[in-house]
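A lone chain, given as structure tokens: the form predicted alone.
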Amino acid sequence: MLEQSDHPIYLDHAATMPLLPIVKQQMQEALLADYGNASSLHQRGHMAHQIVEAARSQIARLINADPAEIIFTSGGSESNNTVMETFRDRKVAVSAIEHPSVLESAKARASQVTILPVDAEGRVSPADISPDVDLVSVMLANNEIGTLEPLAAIAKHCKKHNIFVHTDATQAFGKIKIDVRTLGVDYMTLSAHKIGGPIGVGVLYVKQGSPYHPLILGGHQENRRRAGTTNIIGIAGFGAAAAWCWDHWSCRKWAGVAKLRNELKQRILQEIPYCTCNTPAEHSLPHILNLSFAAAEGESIQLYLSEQGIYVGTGSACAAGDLRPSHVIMATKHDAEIAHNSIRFALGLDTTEADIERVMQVLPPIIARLRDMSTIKLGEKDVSI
């Protein structure tokens, strides 16, 4: 086995991004500031309130929303659950590849849940949406395979039938240009840690005039839309991350990552037999690459790579420890073997050519070793996947 490099290679940006330096700085400044509770009327409370409102404006600007349409939450899962609470006992349709916080909360609250099928690339067809539902929830981009959904077309179809539209844009946020007006959605979920902000703070965009019911009751915070003492430090970090994305046109920076992602894809497919790409060649985020390797389990690949200082994912980080095959790949490939044998490379803005070269030094021997230990004998039957 190759010796571990002194330089760790982090390729799990879809799970979480490291804190941006400016975010660390802004959070430290907020920690040291003599601020109070943002709900208090005295001077220190006013200082805290200013931090919150500045961040609200920075985030709203990034998606072309009005600041009044931005509600701070504890993260993407809370935002998704809040939408489903708003449509409790109503008819809801969600895509088969949604994040579990959408799928499970819809099943727990809606009177009827329709699971929208996806094609082999993970895309929803507007034609499959029934006109008799009250809410449709389709993520803007999938967190496991990177598929970009035809969300504007979906929203246009839904508006013809007076259907409200929610999108979990957590994974796409900061990676591609997002305009809530152009997309035509009524609700959008965002999370700070996907753009270099802190873990534990998120946003729910609610278009003015759209129905809304708070998930957390018992306080007047967020204009009575979300009770609980305001997370000043986290919100300060979220605002700093959003401002960085705006100032540096982050969507253009991420578009440049696609070149390295495609290079990695090409080399793996050329140098390692019996593997396939689960990420669409088109209509996908620029940094995600999901592949399956016959006769080599995804979690084993992940652990061996980790020993070499290369950190990748095996699907949704929220499902870590779940032995069931990825519901996303099951919905697209309909094959448990392909799902179990998948890993996800999620490149970052700091990924280099040298990182790709290191992966290709380490990965082929790992796959060969796992296949040597497998009871599946490649070549005896058609196992190309």
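Predicted, not measured: the structure shown is a model, and the values here were computed from it. The first residue of the sequence shown is number 1, and the count goes up from there.
Although it is not shown, the form predicted together with a small molecule is what the next lines describe.
Residue contact check for R261: none of its heavy atoms lie within 4.5 Å of the small molecule in the predicted complex.
In the predicted complex, the small molecule sits within 4.5 Å of a heavy atom belonging to G76.
In the predicted complex, the small molecule stays beyond 4.5 Å of every heavy atom belonging to S250. Contact annotation: H287 falls outside 4.5 Å of the small molecule in the predicted complex, judged by heavy atom distances.
None of 147-155, 261-269, 231-239, 185-193 except one has non-hydrogen atoms within 4.5 angstroms of the small molecule in the predicted complex; the exception is 185-193. The contact residue chosen from V136, M84, M139, L204 relative to the small molecule in the predicted complex is M139, the criterion being a non-hydrogen atom within 4.5 angstroms. Taking Q308, T314, S101, Q221 one by one, only a single residue has any non-hydrogen atom within 4.5 Å of the small molecule in the predicted complex, and it is S101.
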